[in-house]
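One chain is shown next in structure tokens, namely the form predicted on its own.
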């Protein structure tokens, strides 16, 4: 377990209890059913979607019907009230079959819907969540700007307070779902009526409002079917009730959203590694070289061993982190730290740790998978080529790997005696 987030109490019983996150029979049954669904409804369209650059709109509705879009949402609004452990299990499976679907649906229901569920008023929840969970509307989280990405404090987009509401001016870029979203959760620097800086604040924005325009979908190395683009705001006027949470609390809301996004990106990375293992194992057992199948060649066998090891290590830490996320919500943690079975858990550092580990390993695993396939792995007809392109975003989205290292190192430094 990570020394940066878990304080060892030399209590074997507590350690054993902390690791007790076995799947229930219901969770196993759900996973089996969801995998069959993905094989039938998602996988057959993945290659075509990647080539065309367009995700089937039906994916949202079909995932809504099976309950995926509402996994972490309240039943009151059409959700499932699943645990994080159940959610990451589903995210891993979906990621095996279509990275673009995982990202677009996740940006809509998670990055946009999650903060509304956590910080929205009852009116806001009723207005946005039911249609989102049903797959009838698409959301986006708009944070990144041309001059500010991981460093959220450098955002310059403004929301000027007026008598009738707020006026938005600025630009957002690299926004998942920007070309297709109906609503966006926009982080801007609030200026009060006198022009003073009132802090970063989130606003729920209807994309049909006058003064909002979108750039063309960006051409990307990977995730080609998940639309990404820019949003421009020029004197776009929104009402007072568009604020999410308290004015000036945008940074805090963003950091909590990042925890969930990092956990999801780790699940995505594990799902990609699982797919790489399956494809590489199958290919290595069919392909022959020097008179025997390559799976029996030591060099290939060692690569398969590396893939399996990185996958299993990441999966174990992922499931434990999901378990701890569930525990943190039971504790109603505000500081991000809590005691569990004699251990002090820093949930922000823990999410950064698993995201860093899984995304790094996944990038290495996709490289190994292509290598095992040899020349075939360089061909687009094999999905390892697509996964090789798709996985890089896991080391960038939700804060780069360098940012994750800073978070983990900062948490660790607090445990080192002065």
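Residue numbers count along the first chain shown, from 1. For clarity, every value in this text was computed on a predicted model and none was experimentally measured.
The next section is about a form of this same protein that is not shown, the form predicted together with a small molecule.
Residues 277, 280 and 377 are none of them found to lie within 4.5 Å of the small molecule in the model of the complex, as judged by heavy atom distances. Annotated contact segment (heavy atom within 4.5 Å of the small molecule in the model of the complex): 169 to 177, selected among 204 to 212, 299 to 307, 169 to 177, 230 to 238.
Screening 337, 127, 249, 220 for any heavy atom within 4.5 Å of the small molecule in the model of the complex leaves a single hit, 220. The partner is absent here; in the model of the complex, the one residue of 372, 393, 63, 38 having a heavy atom within 4.5 Å of the small molecule is 393. Shown alone here, residue 149 lies within 4.5 Å of the small molecule in the model of the complex, counting heavy atoms only. Using a 4.5 Å cutoff between non-hydrogen atoms, residue 402 counts as a contact of the small molecule in the model of the complex.
With a 4.5 Å cutoff on heavy atoms, residue 141 counts as touching the small molecule in the model of the complex.
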